[in-house]
Structure formats: C-alpha cells, structure tokens
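Form predicted alone, single chain, as structure tokens, below.
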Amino acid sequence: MERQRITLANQEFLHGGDYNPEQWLDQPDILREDIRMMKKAKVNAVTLGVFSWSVLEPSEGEYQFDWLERIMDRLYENGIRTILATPSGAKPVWMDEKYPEALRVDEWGRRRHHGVRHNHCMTSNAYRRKVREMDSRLAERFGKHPGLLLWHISNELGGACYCPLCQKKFQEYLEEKFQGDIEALNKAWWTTFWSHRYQRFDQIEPPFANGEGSIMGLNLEWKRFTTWNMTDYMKSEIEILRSITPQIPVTANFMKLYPGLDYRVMAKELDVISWDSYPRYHNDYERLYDTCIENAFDHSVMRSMCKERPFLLMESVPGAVNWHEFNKQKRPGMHKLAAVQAVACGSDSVLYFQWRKSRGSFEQHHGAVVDHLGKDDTRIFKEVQETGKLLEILKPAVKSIVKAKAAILFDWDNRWAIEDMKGLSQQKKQYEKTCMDFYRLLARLGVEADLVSREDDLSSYRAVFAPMMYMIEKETAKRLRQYVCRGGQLLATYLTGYVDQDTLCYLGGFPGAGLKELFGIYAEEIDSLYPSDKNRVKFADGSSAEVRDFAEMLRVQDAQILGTYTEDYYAGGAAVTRKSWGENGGSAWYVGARLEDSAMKSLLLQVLEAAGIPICEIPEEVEYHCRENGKYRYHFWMNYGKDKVTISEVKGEDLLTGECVQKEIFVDPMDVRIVRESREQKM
C-alpha cells in the first residue's frame, strides 16, 4: 500500500531561495539588511542549511545550532518560512580524516580526496551513521519550529561510487534480482559472447572505465543499481526525519534530465517534487523560444512525477550562473517570463540560488538577488521584487494543477539503453531531443503533454506518443495493446521494441513483445542516413517530407499505408502506417522514419483529431499553458518574440490588470498575459 502523502500546506506561491547566513555571522549588520531587503522583494520562504555541516558540527560531536535557531526565529518573525536542508551534500574535513571509507571511489577505481561536494559513498555505514546523528538532532531541535515549512534532503543528489562496499552491495543486489541463479544472469546478459560468462555473483564488477564495458545488460543494471542505491541512501535520511517530524513534508531537488539517476524511482519516496532550472538563455545557436520550450519540457517532466500535485522550482537564478560556457545575464523582462513559465507549467514556487552572493570560493560569481554591491536598487533586485508582487497577485491559482490530455513516453531505462546501444549513428540517436521535438510540436498546437514512463498508467490520456521506445518488456507491450483496444490513440516511431528489459534483442522482427500485431507491421531493416543522403516520404494527399537520420523498411501485415519512401532501394516501401482497433476507435500509428517538422505536425494533427483533443494553434514564439481547479481555469501566454501577438477567442479576467476580457488579448514582446476563466465559461 502506498504511504499516505503529506502535502505542502501552502496558501501562496513560495518566493525566495537559498540563504547562507552562516557566511555572514560575523557581520550582523548584513543579516539585518538581508531581512529588510527580503521583505521588500516579497520573499516568503528561504532554504537554510544546504552546505552548513562544518558550522553546525565544527568537530565531531560538537553541535552548534543556536545560530540557526536565531536566524529561523528572525525570519519567522518577519513572515518568512524556512525550508530546512540536511547538510549531507558536502562533508566537513574532519569526517574524511577519521572515516576515509566515506570518500567515493571513481570509475577508475581511485579513492577520491576530500573536497568539492557529493564526495560521499552512499553505502558507507560510517557516513550513514554520521548523517543519521546530524539529521536526528536537527529534527529534534527544529521539528516543531513554527517557521519550518519543508525538509530538503541533501542537495542535487548525483554520481556513483565504485568502492569495495558498493561493489559488494551491487553483487548482492544482482543475486537477489536473479534469485541466486547465475545462469539466469548469464542468459539475460548474453555473456557467452566474447566468453564473458560468470560462475559466481562475487566475480561481477561494476563497469569500471578500465574494465568490463562491453556487456549492455551489465551497464544498464549498474545504472539501475546506482539509482536503487542512491534511493536507499535518500530513504535512510527521510526515515529519520519522518520518525521525528511526521507532519513535515520532504523533498529533494532534482537536476534537469540528469542522466545518472532515474528520478521517477526516487520521486516515489518524496512528498514534494522539486528541481533546479538553469537554461542557457540568450545563446547564439537557437531562438529564445526554443530555449524556453526545452525548459518547459523539463518542468513538465517534473510535473508528471507529481500525480496531480504541484511541484516546486527549488533553484533558478535572477541573473547569470557561473558554470555555463558563456555566463550571460538575463535580459530585461526575461526573469518575469521565466517565473511565469514555471508557475504556468505547474510550479507553486519561484526560488533562487542564491539570495546573497558569496564573497569567495567556487560560486562567488554565481548570480544572486543581492550582488556584492549590496544594494536594493539594482535592475536584478527590482525584477525579483516585481516577480514577488506578481506572485502575490497570482495567489488564487495556488494548488491549481495542469491536466494534460496527451502523454509522451520518456523513460530513463530506455534512454540508458539507447545511449549504450552500438549501432545506427552514435551522434544522431538523440533520444531526448526527439522527445522534446514531440513536446514542442504539440505545444505549437496548444496541446499540453505529460512526460511519463513506460510503467505509468495511461488510461487518463486520449493520445500517447512513444518516440524511439527501443526497450520494451512484455508487460509494457501488454498495457499498450490494452490502451489502444480501449480506444486510445498510440503513435510510435522507428526503433520501437528492439530489446527487452535486459537489452536482449527480440527474435522474429521488430517491434517485438507482441507489438507487431498491434501495429500490423514489422521492420525488416533500419538504415542510417548521412547528412548528404536524400530520401523522402510521399503521402496520399500528394505532400512529401524529408527523411533524416533513420529509415526502417516496413513489412505491412494488416495496417493502412499512409506514406511511402520515394528514393533508394526501399522506394515504394511503407514508411508510415495506421492500424485501427475495435469498436472503441483506438488506433496504432507507426512512423518508420525520422521526418521533418511539417510532416510530423500533420501526423500529430491526425492523431489528435482521432483522439478528440481540441487544437488551438499558438502564434510563433508564444508559449501557452493552462492550470485549473474546481472553479477556474488559469490561462498563461508568454511571448518570447520581437512582435506583439494577438490571441483570439479569450474570455475572462486579466489577473494582472483586472480588466474583463471578452474576445481577444494582445501580448507584447517579452511579456506575459494571464487570464482567469470561470469553468462555467468556454474559451
């Protein structure tokens, strides 16, 4: 039975971010000034303690919490709540001196030295014991503090450890998974190839950089184990806090589409999903709209883990970061657009790293609300202040949610399997980009899409899009068949169903696992195209589209052919098909080649029409989202372009101006419009 979730009892959008007062304890005038400026900027929540271990416990067993309590008291007295972090993201030097087993070992088998952050072994009993002692004391001291809003586990959990402790744990993990049967593992990993068979589980090593890296099943299972091990570590912190403060919800901040961990596994253990967003705004290789729609995709990945609950934007930056290749400042107006985008996608917060810039060390030049200048009349401070006022206006929309009618299958296991696959074009596989392209095209049609895993329930979606689902086990294939038979519209692409959960290829043609019958086709070959290669797909209406990168040769069994190739030895062969299923109107669509946007947009329109999902084409360089609750819908438009645009057929109340909208609105360049519509009305 799933544990009863504790929700964040928040009645307003959180505004604030990481605050590091321990850096300024010797300057009380700065701490007083921080409070004054926070109130001016409409800050109502800050995160404390993220990297505070060396101040909280300067030597083993010497706990100094009084300074933290004074800060929390002062914040609460001024209407500012605390998100309190456990400080396990960075260890003090005394710990590594006394407990060297707590230091990580890298993929070359080298024990790391003290330093940086996330340098701990997740398996180390010594490290877990010290974390348990720290977390217990924090929970006992601050668990009933009226200002405590949320627990924040560590910071940006990531990385892997290859030490003997983790290696032994990996072997135990495998032995349990394969129920002690080493021959079952050998079969699943096809280890007879290159004579790599194992006789015992204790012979298996992680995929060291200078060791075994040629077994796809091993590589994939190590990534799964790393997620399992990190989740087990995270749970060890969560269990301490919940045992002492069961009333306080728990989060851990995720990082974009971090490739090293399957966040969907970790999300199951959290009360609140949060993440850190740092897009490369104003770059010279794409439109601002393209940068922002990728960020919307990332927001939507996080939102889709929440099961109809808001998520939190835990970190963003009001200016420039310090770790991009080019650390460019946000242009005027960009901060408001980014804040509104987060809210529009389902966030109940706009939080920053950091409140005040550090004077020294690694992040001394990372953006902050308060610069080294220390004044509240800077452009960045004023834009943060404006955002705080805007979030106060949007208060009625708190806890409304985004309800998507379409879903895109975006799966970490599949992502890892494709990345490790030896074949096709190593540079052009681009699984993440392909999923983002689907999201972008749907967004242009005004269709909100969730990003779900192959294990998620699909019954609430009218249309499901499954780009490049290379790895599909039989259970997923069964659920996809059920989805279509019940009336769902499913569109899959080339590279679907090639391997099972252990990366073993299916026999008898792709897609395997019984999906040939669902789509009414099978792929006999797949071709990789050089950029100079030319081919097209011709459709029944006479239109045609360019083929890029990949093309499958399809054998049609009982599907309708929608498009055929025009060039090369597979000219005239099927490229795009559709098979209708049953009286409920379900269909299985298959796109055997990577096609240009115009053709994909046309196909998506056909799928959406069959699914009964309303279409509303959004103007170029404008992003749209809708949040709703039982009484209202909140419509958000963000214009990233240089021209004013008109949005037609709009009725409701403009929340930013208070005006009544009867027909249309205008959105200025680098600006936003937000309209609240009664659910009794129709847009």
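A quick note: this is a predicted structure, and the numbers were derived from the prediction, not measured. In case it trips you up, residue 1 is the first one in the sequence shown, and so on.
The form predicted together with a small molecule is left out here; the points below concern that form.
> So in the predicted bound form, are Lys40, Lys42 and Asp371 all sitting within 4.5 Å of the small molecule, heavy atoms only?
No: no residue has a heavy atom within 4.5 Å of the partner.
> Any chance Phe51 has a heavy atom within 4.5 Å of the small molecule in the predicted bound form?
Taking the distances in the predicted bound form, the answer for Phe51 is yes, it comes within 4.5 Å of the small molecule.
> Would you check, heavy atoms only and a 4.5 Å threshold, whether Trp323 touches the small molecule in the predicted bound form?
Yes, Trp323 sits close enough to the small molecule in the predicted bound form that at least one of its heavy atoms falls within 4.5 Å.
> Looking at the partner-bound form in the predicted bound form, is Asp500 within 4.5 Å of the small molecule by any heavy atom?
So Asp500 does not count as contacting the small molecule.
> Please tell me whether any heavy atom belonging to Phe353 falls inside 4.5 Å of a heavy atom of the small molecule, as the geometry stands in the predicted bound form.
Flag for Phe353 set to yes.
> Using a 4.5 Å heavy atom cut-off, which of 424 to 432, 79 to 87, 361 to 369, 234 to 242 contacts the small molecule in the predicted bound form?
So the stretch in question is 361 to 369.
> Looking at Asp276, Asp450, Asp271, Asp456 here, can you tell me which has any non-hydrogen atom within 4.5 angstroms of the small molecule in the predicted bound form?
Spelling it out, the residue with a heavy atom inside the cut-off is Asp276.
> Counting non-hydrogen atoms within 4.5 angstroms of the small molecule in the predicted bound form, say which of Lys382, His196, Arg117, His145 makes the cut.
When the small molecule is considered in the predicted bound form, the option within 4.5 Å is Arg117.
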